[in-house]
Structures are given as C-alpha cells and as structure tokens.
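This document opens with one chain alone, in structure tokens, the form predicted alone.
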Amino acid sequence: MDVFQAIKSRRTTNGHFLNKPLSDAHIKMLLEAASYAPSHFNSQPWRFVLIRDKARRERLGKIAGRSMREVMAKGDFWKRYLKYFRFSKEETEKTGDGIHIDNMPAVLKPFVKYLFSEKGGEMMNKLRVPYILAIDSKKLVANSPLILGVLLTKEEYKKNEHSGLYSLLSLGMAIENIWLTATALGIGVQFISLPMEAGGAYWQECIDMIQPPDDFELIALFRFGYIDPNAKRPTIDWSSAQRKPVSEFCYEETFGNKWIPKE
C-alpha cells in the first residue's frame, strides 16, 4: 500500500477485531514508524506501554464501560459534541464533517433526532442507551488484542511553555505514523476516549495500571487488532468517511480568501 492509499484508507475501527494476537514483528513496525516522526530537536519525547495481558485488558474494558455509562447518562457528552452529529446521508454530504449515526436498534430509530439532542437525555436514559453503549465499550476494549498507552516526558511536556505544544505536535505525528502503518498492515485502531472524558477516578485507574514514573504523563490509550471483515457493528454505531473539499479549509495569502486549486 503506497502512502496516499494508506492516508485515504485510514479509518477508526469501531467494531471488534479478529481474535488473534498482534505479532511482535508488526508491533515493532508500528513503533519504529512512530520513531521516525519529527520532534523538536529530535527529542523523541514519547514513550509507549503495551498492554496484552488478558486480565489487564479486561480491567481496562470495565473502566471503559463504566466511564461510558456515566458520561452518556449525565448528558454532557451530547451537549459538547451535538454539533458534529449527522442523521442522514444528505446532511453528511452537505457538511462534509461530523459523524453519521447510521446503525442502531430499530426500536430507537424513530427517536434518533430527539435522543441525540440537548433535551433527549431523559428519554435516552429511559431507553437504556448509556447501558447499551457501556456493554459494547467494555467488550470492545477487553477483547482488543493490544491496548497501547501513550505517554510524554514532562521534561518536554510543559503545558505553559512552547515545548509543551511542540511535544504534543510531535506525539500527534508519531500516532499518525503508527495509524498509517497499521492501515497498511490490516490492523485496526480506535482511540479509547471515555475514561478521559469521565476524568477523575476513571482516568486515575488507567494511570495506576500503566504506572508511569513522576516525570512522565499518560496522554492517551488506543486499542489495536487485526481487522475482521465479517465483524458485527456495535449496537449503536456511526461512520465518518466524508471529507470537506480543499477549497473549504485552505486559504491563499490571507484567511478567508479561498484557494481553489487548478485541475
């Protein structure tokens, strides 16, 4: 797979992976790709922790499930991200961004627009949507062959200094290198975000599992596995393949002066 094909093929894998461990050879390729990402002064401020032990993955699955249920039940998640929800192909194509909620139980479909609204939280809880999402989240994380902990050294990751921004930019590029390499190898990737969204004790549990020293900070968790072409989609799921045309987000000389490339 060439680099442009990998870039355009890269997706978040929302469903289950094959029940097959990632080979050490492939994991090494992912991490070597990360090591070639640019970083300020070649500082390479990132560190990675592999979690493959079944019991530890199951523990992270429980954390993910509990945090999913709490965040969804509170409703803050919907209010924060409502502007990115799309409910039809037409709306998706028109905006060119966001997520198209295109898979859910038949009993919920008549209420979809109301459920995913600022006022839909009460009905969502009555229909046990947070509970459904929590079960899926728990299983998805627990059954992933690899969980990857991503850390930065606090020597560079200083939030109020330029080096803090530089190190985050570097880490983002390292993660993208990993993701593109994974795409080329037939490996799926998903960001495990809900423990961070829930914060507090949930994220601290993840930190306690990773056990970083005081001079490193856990930044994110990702789940990996070989893509299963026959995998069943999660009970409530979405897609996000659409992209805005270049002329909508690139300007020439000054902001707002659209750049329209010559064909």
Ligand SMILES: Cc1cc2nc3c(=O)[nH]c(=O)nc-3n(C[C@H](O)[C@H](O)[C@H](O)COP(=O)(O)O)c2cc1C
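Just so you know, these numbers come straight off a predicted model, no measurement behind them. Quick note: we count residues from 1 along the sequence shown, nothing fancier.
We do not show the form predicted together with this ligand, though everything after this point is about it.
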{"item": "In the predicted complex, N19 touching this ligand (heavy atom, 4.5 Å)", "value": "no"}
{"item": "Heavy atom of L165 within 4.5 Å of this ligand in the predicted complex", "value": "no"}
{"item": "Distance check, N143 to this ligand in the predicted complex, heavy atom within 4.5 Å", "value": "no"}
{"item": "Interface membership of T12, this ligand in the predicted complex, 4.5 Å heavy atom rule", "value": "yes"}
{"item": "Stretch in contact in the predicted complex with this ligand, which is absent here, among 152 to 160, 130 to 138, 183 to 191, 101 to 109 (heavy atoms within 4.5 Å)", "value": "183 to 191"}
{"item": "Residue (of F48, W238, W203, F216) lying close to this ligand in the predicted complex, criterion heavy atoms within 4.5 Å", "value": "W238"}
